[in-house]
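One chain comes next, on its own, written as structure tokens: the form predicted on its own.
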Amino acid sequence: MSGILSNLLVVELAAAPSGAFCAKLLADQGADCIKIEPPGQGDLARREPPFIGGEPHPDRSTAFLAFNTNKRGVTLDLAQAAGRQLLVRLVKEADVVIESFPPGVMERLAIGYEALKQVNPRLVLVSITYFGEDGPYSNYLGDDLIAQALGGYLYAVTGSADRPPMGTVLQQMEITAARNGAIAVMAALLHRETTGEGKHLDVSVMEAAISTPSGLIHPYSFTGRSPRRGGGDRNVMDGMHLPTRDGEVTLTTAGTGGRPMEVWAEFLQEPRLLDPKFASRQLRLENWEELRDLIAPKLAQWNNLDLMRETMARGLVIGLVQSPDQVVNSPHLAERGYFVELQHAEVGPLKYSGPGFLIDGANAMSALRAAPRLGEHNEEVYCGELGIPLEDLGRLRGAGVI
């Protein structure tokens, strides 16, 4: 497999999106990632809608397809001793193992870090849980929304000030924890290069929520000031979404050199924006409805793309609210080669988002394979790499081990 991490072997035991995405981040950069799923049912994500074609199918879940690119897939029952023995054989040659079981599960199965370290002292084990491996909350159940709530995100970031908290969708805390895990893996591998020692990395989804937005916890921990959600409710110039002829945009005071109203008054040809009642941020918040009523009719005369082109040409900054169709068909992203097309045996070609960075001007995502079908690489891995005879593989399948 090509890519900057092509010398790494990763074994994934993830039962949560955070673990799957952490492994995907490594696999997309060339790591040989073997995803282990329970026989029969597979990863829970295989049953998550929406499904390509509409009908539930384990190889057509868009969630599973999105989180598992460039991996090989095998099945293995870790509840059976024979299954754990096969895992140990895989781990013996692995560089990284990623797991997202509740704390203590791996230890009870005798495949925790101390046990795996005995067979592979250079192993980096990544444990991603909602609240960490220890502490009073460690054995609590959780999900992305719970991490947002306990991490302060719902209190201060999402939703309006005069309404109940509102969670953000798209598993943002899981994804942030996955990225934290990938960064920790890189640090641990660098450490291993000089010491020869592996590490056990403890990644918390709740702590990912706390660590990310600088406007959330830091204002309080630094000054005692508690931020509240709804910062864009009345802020016409920095946060409010306003309609155009064919969509919505958010204006900002960025790019105005400290003269926001003068610059926007000139561009929008609206001299009433120069009224002193709009001269400061606080005054604009106090008179937000009047300000909105001046700006909104002007924006309604523009198409989104024309507005962005004209404002950006003047050094102004706006947030263009693009639909998924506009994003996927963006000429800017096309020129940068952002999207990658992978072929899936069940559903055909799929267009995937890139990693968000280029290396030497090229998309750094390995375009090798889409997400694996359930047990797709059992024979390749168990027979071809572990040397298990084909007839023994059949007996393991019959016993439900794979």
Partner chain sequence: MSTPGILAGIRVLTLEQVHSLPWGTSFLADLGAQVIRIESVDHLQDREAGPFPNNQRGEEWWNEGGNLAYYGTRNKQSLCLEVTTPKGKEVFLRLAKNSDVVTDNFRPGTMQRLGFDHASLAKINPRIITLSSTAYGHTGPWRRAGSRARTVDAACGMSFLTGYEGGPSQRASNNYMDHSTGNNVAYALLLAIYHRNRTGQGVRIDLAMQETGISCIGPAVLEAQRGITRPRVGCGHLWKSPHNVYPCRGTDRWIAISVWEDAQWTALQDVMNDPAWAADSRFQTTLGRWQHRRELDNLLGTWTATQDDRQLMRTLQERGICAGAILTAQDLVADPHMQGRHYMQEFENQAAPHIGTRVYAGRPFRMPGVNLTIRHVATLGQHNHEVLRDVAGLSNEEIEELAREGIISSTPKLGETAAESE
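All of these numbers come straight from a predicted model, not from anything done at the bench. Residue numbers count along the first chain shown, from 1.
The form predicted together with its partner chain exists for this protein as well; it is not shown, and the discussion that follows is about that form.
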Just one stretch in 314-322, 74-82, 295-303, 267-275 has heavy atoms within 4.5 Å of its partner chain in the predicted bound form, so which one is it?
314-322
Within 4.5 Å, heavy atoms only: does residue 366 come near its partner chain in the predicted bound form?
no
Using the partner position in the predicted bound form, report whether residue 203 sits within 4.5 Å of its partner chain, counting heavy atoms only.
yes
So in the predicted bound form, does any heavy atom of residue 141 sit within 4.5 Å of its partner chain?
yes
Residue 135 near its partner chain in the predicted bound form, any heavy atom under 4.5 Å?
yes
Could you list which residues of 137-162 come within 4.5 Å of its partner chain in the predicted bound form, counting heavy atoms only?
137, 138, 140, 141, 142, 143, 145, 146, 149, 150, 151, 152, 153, 154, 155, 157, 158, 159, 160
